[in-house]
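Starting off, we have a lone chain in the form predicted on its own, written out as structure tokens.
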Amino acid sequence: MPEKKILIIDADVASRNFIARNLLDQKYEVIQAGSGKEGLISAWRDRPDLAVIDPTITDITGEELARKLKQDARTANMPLIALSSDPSVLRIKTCTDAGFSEYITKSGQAVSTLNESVYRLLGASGAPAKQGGLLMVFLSAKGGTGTSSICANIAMNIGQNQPEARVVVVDLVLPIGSIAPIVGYTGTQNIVTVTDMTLLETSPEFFRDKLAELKLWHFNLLAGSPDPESSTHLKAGRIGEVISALKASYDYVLIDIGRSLSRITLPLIQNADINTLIVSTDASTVSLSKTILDYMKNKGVNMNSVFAILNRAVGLEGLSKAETEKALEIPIKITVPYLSSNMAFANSHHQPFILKFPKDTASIVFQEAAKEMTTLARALRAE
């Protein structure tokens, strides 16, 4: 049973239902009211732990509603969040004076801000509990390490091994996405166009039903920016909401960020179930990877979530597995063998490696990596 109960008071049915779905995805119990009077009755009868109120309701002003709730012993200590379509400074002040703990303006970032406020006001400590599909981030410290190819092929193996599961790949490599050329996607929908849509348009149902389905690859795709100019129009503030909606729609969400470690991608790394670090064997990449690991640790990332893959596919020269582990101070989970030109050949034909070269050792490696990563992700989620 959900531990916390939240009351939503909003005259706009679509807005109310959208907020409710978001909170239900966070495993809260949700009660809805379409007017201030209904909200008062529900608050005093059902005793919610927190209320989200649109103060622009007309039968009772939001300010008067807050005062009534604060003056009654049954609801005096209940936190109130204003989620309003009115951005005026005067409205913010009157609501705060009336007893609202938070005032959030309905906008592209409203859902993520609301989630953070709810966690904080309900007394949750640390990072919010992970909910929804398992989140796996693929990153590297340097370009040319094969991160996108490995991401796509591991996603394919997860989907193939678990046909009942829904798998989605998100390309956040900037300024140009790199998954679409690998899988042969030529559509116009991508991360830029999606973040330009409204909050209501990008619901979990939208992502479940409208993303490109790549049957050969056993996953759906949210492609990356098609060119550098498009990437400048990416609405970064919407990334968190997009990923939350995807996690509500899919069992596995794999995000390729390549070497794009930034303020956009850091929150994804911090909240990922698995962070797949792709390391090539040259000393400079290993050194940079250690710098990335130290940074992640300083930002509170659980080092148990790091799944290091040593990719020898790009060449035979360089450090050994033992030397790489010593430098990184973490174990290498999987080593991809030298592939000569086979990976490039499979990519140029837009085919999964296991289908193009089923007897190659790397095909077995990708299968094992998919199994180990999903097992580890479930174990960490259960902790």
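One-based numbering along the sequence shown. Everything quoted here is computed from the prediction, not taken from an experiment.
Omitted from view is the form predicted together with a small molecule, to which the following refers.
- Taking non-hydrogen atoms only, residue 276 never approaches the small molecule to within 4.5 angstroms in the predicted bound form.
- The small molecule is not drawn, but in the predicted bound form it has no heavy atom within 4.5 Å of residue 44.
- Mapping the unseen interface onto this chain, residue 292 falls outside it, with no heavy atom inside 4.5 Å of the small molecule in the predicted bound form.
- Contact between residue 347 and the small molecule in the predicted bound form is found at the 4.5 Å heavy atom cutoff.
- Proximity to the small molecule in the predicted bound form, taken as heavy atoms within 4.5 Å, picks out 146-154 from the listed stretches 88-96, 146-154, 189-197, 162-170.
- Listed residues 343, 33, 330, 30 were compared with the small molecule in the predicted bound form; 343 is the one with a heavy atom within 4.5 Å.
- Note on the partner interface in the predicted bound form: the residue among 114, 234, 180, 313 having a heavy atom within 4.5 angstroms of the small molecule is 313.
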